[in-house]
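In the block that follows, a single chain appears as structure tokens, in the form predicted alone.
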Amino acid sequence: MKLCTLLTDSYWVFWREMKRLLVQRARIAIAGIQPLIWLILMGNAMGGLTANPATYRLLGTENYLEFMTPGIMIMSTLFGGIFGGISVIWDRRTGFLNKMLAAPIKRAAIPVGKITAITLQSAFQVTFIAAIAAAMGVKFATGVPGFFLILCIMILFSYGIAGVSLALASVLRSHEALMAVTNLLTLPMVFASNAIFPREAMPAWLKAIATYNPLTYAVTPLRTLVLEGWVWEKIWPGLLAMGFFAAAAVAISARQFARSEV
């Protein structure tokens, strides 16, 4: 019964977030244009790397765009999720957050509903990226079934990173503070991972950091599904890590909202 109540309350929070998104046409357009720019610029700007035999062996493909596509998927999900907490700051400023906290709903429904809305937006964005990448010549080694697993991994990562963002937003009180913290987190996460470059090309100290970076755990199974196929010894660790990351982040954000004062 409690679970049904939580799901119902989360749905209404989710639906409110989706309705707010649907009237923001500029935001929808940017969500589609941004990854397209990354695919075109980064995929072509660094395409010459594979001309070097040593670089080709590191990347595992003669097409840098194939190597980069999983990284762009995760980067889009990362930026979409990490800035999700801004909606909490905005709701607090307008007084709507206080109304939700005082309403007869499960407080955990607030972060769960918001995180689900963020994740659905990221799912559409990743699907768009996959379609554009395929049109540009990227071949998915595991085909359509592999893409659905990519989507599952991305959803878990989105739940995790959005949960972290909402947990921060429940503590921080201004857009400026939240933006400062999230910017401090995102760029090091991207560059200290294998999203853009393979770990084998990194110096030892950076490679050690990248090994335990949540972004690396998300990118590795995605890249395996795109380039290599069903290599489960590379897929399972990332899948399990993302499941744990999502569960822990959502639990922490729910706890933070449960302790929030009206």
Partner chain sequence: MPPVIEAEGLTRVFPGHIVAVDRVSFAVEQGEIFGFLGPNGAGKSTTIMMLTTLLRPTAGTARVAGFDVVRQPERVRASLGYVSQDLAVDDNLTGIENLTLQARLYHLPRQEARRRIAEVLQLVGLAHRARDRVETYSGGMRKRLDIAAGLLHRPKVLFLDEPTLGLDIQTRREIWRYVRDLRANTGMTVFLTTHYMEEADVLCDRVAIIDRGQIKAVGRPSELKAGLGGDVITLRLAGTPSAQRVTSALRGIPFVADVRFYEGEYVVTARDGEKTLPLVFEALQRVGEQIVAVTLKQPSLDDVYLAITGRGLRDDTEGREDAIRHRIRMRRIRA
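Positions refer to the first chain, counted from 1. Treat the numbers as computed from the prediction; the structure is a model and nothing was measured.
As for the form predicted together with the partner chain, it is not shown, yet the points below apply to it.
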Heavy atoms, 4.5 Å, the partner chain in the predicted complex: which of 98-106, 139-147, 79-87, 178-186 makes the cut? Say which one.
-> 98-106
Any non-hydrogen atom of Phe244 within 4.5 angstroms of the partner chain in the predicted complex = no
So which bits of 16-35 sit within 4.5 Å of the partner chain in the predicted complex, heavy atoms only?
-> Arg16, Lys19, Arg20, Val23, Gln24
